[in-house]
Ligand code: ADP
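A lone chain, given as structure tokens: the form predicted on its own.
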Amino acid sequence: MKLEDDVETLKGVGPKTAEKLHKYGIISVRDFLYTLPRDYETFETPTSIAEIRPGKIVIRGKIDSLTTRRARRRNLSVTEGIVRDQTGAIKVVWFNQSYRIRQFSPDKEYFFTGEYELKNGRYSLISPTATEVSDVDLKTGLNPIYKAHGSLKSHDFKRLIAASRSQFNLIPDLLPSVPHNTRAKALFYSHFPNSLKTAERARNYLAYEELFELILASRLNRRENDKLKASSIRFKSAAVKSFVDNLPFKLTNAQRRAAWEIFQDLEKSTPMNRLLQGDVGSGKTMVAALAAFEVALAHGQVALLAPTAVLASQHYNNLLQVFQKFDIRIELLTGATKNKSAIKKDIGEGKIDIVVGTHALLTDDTVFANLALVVIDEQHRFGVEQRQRIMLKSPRDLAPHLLAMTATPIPRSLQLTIFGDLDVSILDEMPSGRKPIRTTVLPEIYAKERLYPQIQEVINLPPDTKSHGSKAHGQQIYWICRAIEDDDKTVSEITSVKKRTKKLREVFPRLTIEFLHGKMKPAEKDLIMERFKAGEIDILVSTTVVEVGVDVPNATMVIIENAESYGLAQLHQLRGRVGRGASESYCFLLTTGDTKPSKRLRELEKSCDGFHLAEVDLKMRGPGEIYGVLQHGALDLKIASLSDTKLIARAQKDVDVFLKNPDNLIKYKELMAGISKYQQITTLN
């Protein structure tokens, strides 16, 4: 058996189980062995029921009298039972976990771990984890906990891993200068630890390996980019000063600094490969306009690629405004553009200096005469192949300079690893006059009494108004939902876009309320957004498809349902849909169930600083959430944490030593095969 073999070759994995594993990206034996426990429970000293005190407890006992009911006042299910040992009995309660009623056998013993606290006038064990005693190695008292993958629960992974103990000797070492079988032992003790310290040491080594691979891939990408040639565009200080002086506003110091970094890159004969990151509303488009101005003066062409027609139109109109006093021709090219053939002909003849567009820029018949700069807005919305296609539009043997933009602030540790092949400019300063968005965490059960009156006030609907014309009454509102429509097969606590729209129309019959979601046709989505921007819609109920979108200064409130199910980065992006005008703006984070607001939501309530929130999100949830909104592709770090700066520094130092010897790239075949996926993910150019 080989590590590259299909997971179905493992003992105990039949065709149906293999199909389930494949669905979650566990394809090979290697993938399976690297599916490590997410945590370890310890059951060395459970407490007898007679001795328990309020707080976190571990008890060992049997359970009976299980029932499930719906709470009347709250939209949740309550599952209750009685846990008994030889010394007594206590009540146990789970919220929104109705499957628990089918989980237990009254004849078996379980370890229960959770909070014993006062609830509704009675002490109960609240939402504990439950582990069958027979599943625990009682010698070590440790129970590895695996992440559930659909119907495959933690105990299923434990059973399959136990059947695969003999496969660990197949695992070859990856890195140079490590003792023999280091990798195999680290993986084995991650799954079968004899102590928590052993498990921690094993995971630390595997995390170091992952970071080494990722950083090495990023360094190699940088080397490849440095081999390319690009047009050197000389900085024209007088012209740029004249352009800046004609702006109707003053640039922030952060914008000036980022523009200067870009101007220096453009002067080089190797292509710029720069990521411009800044919080929502920090002025990224204006920095891109400065770069485009410099290139246009040198008779080079600029392509600004945007993910939607509405956003492309917004950029086009903004650029027309700032360039109106200069002899620079700008055109818009989208699927809806009527004179596409004429515009494409002029692009090919070099008559257009700056073209702003969507995927229409990527078609084979869109050819540039002298493409010198590509600006990609919200570049994560485009796949690797699409980004490469626009970069290959220059007909000469010169690569265009690349400026990618993102409104998702990136923690420094992410910059140092994932984006090691990129130069990064940061806009960490907001233009003057921006007001912080007032953010409130609110249980959904209070929405009617606290939120609905504020909606009336924001939209400024007079009590005696029976109907309205085509324009919204006052300010406008986004209402964000997770699902598009209800699933009849499951009992869900999530209110869908369509269901919420129906409810709001019943509550506010005099308002214009429309919905938007990702499964609608592009033309339908653009039409809804255009109507919302024009003030024809009072409340737009939407999925996260509006996370990155157009400026609607008249929208001053965003309501996010099931807020606890989003990452901080995404919540901050959604909040950034408002606060773009002069009026006070509000964000309501609606929570479900009976639990206290998470630390994540409280951080969002306290801070509007995207960079601070990104660091918090990285520590709490890991890189996947942040990276998922940054780039097409999956940063599938199974073990490493990109907040571990010490381990990153060590891996960076070792990578630099490794690269000093070119023979290493040939000698360590296992390592080079492993980093190929990271090279595809991390590269932008």
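Since the model is a prediction, treat every value here as computed from it, not as a measurement. All residue numbers are counted from 1 along the displayed sequence.
The discussion below concerns the form predicted in complex with the named molecule, not included here.
Participant: From the candidate stretches 274 to 282, 210 to 218, 101 to 109, 182 to 190, select the single one in contact with the named molecule in the predicted bound form, where contact means a heavy atom within 4.5 Å.
Facilitator: The contacting stretch here is 274 to 282.
Participant: Find out whether any non-hydrogen atom of Gly335 is located within 4.5 angstroms of the named molecule in the predicted bound form, and reply yes or no.
Facilitator: Gly335: no, not in contact with the named molecule in the predicted bound form.
Participant: Would His149 show up as a contact with the named molecule in the predicted bound form if we use heavy atoms at 4.5 Å?
Facilitator: Output for His149 is no: heavy atoms all beyond 4.5 Å of the named molecule.
Participant: Should Phe249 be classed as touching the named molecule in the predicted bound form when contacts are defined as heavy atoms within 4.5 Å?
Facilitator: Yes, Phe249 sits close enough to the named molecule in the predicted bound form that at least one of its heavy atoms falls within 4.5 Å.
Participant: Can you check whether Arg434 is within 4.5 Å of the named molecule in the predicted bound form, heavy atom basis?
Facilitator: Yes.
Participant: For the spot marked by Lys499, Glu564 and Thr591, is every residue within 4.5 Å of the named molecule in the predicted bound form through some heavy atom?
Facilitator: No, the candidate spot makes no contact with the named molecule.
Participant: What is the one choice in Gln255, Thr131, Ser313, Asn225 with a heavy atom within 4.5 Å of the named molecule in the predicted bound form?
Facilitator: By the 4.5 Å heavy-atom cutoff, the listed residue in contact is Gln255.
Participant: With the named molecule left out of view, choose which of His517, Arg203, Arg387, Arg580 has a non-hydrogen atom within 4.5 angstroms of it in the predicted bound form.
Facilitator: Selected residue: Arg580.
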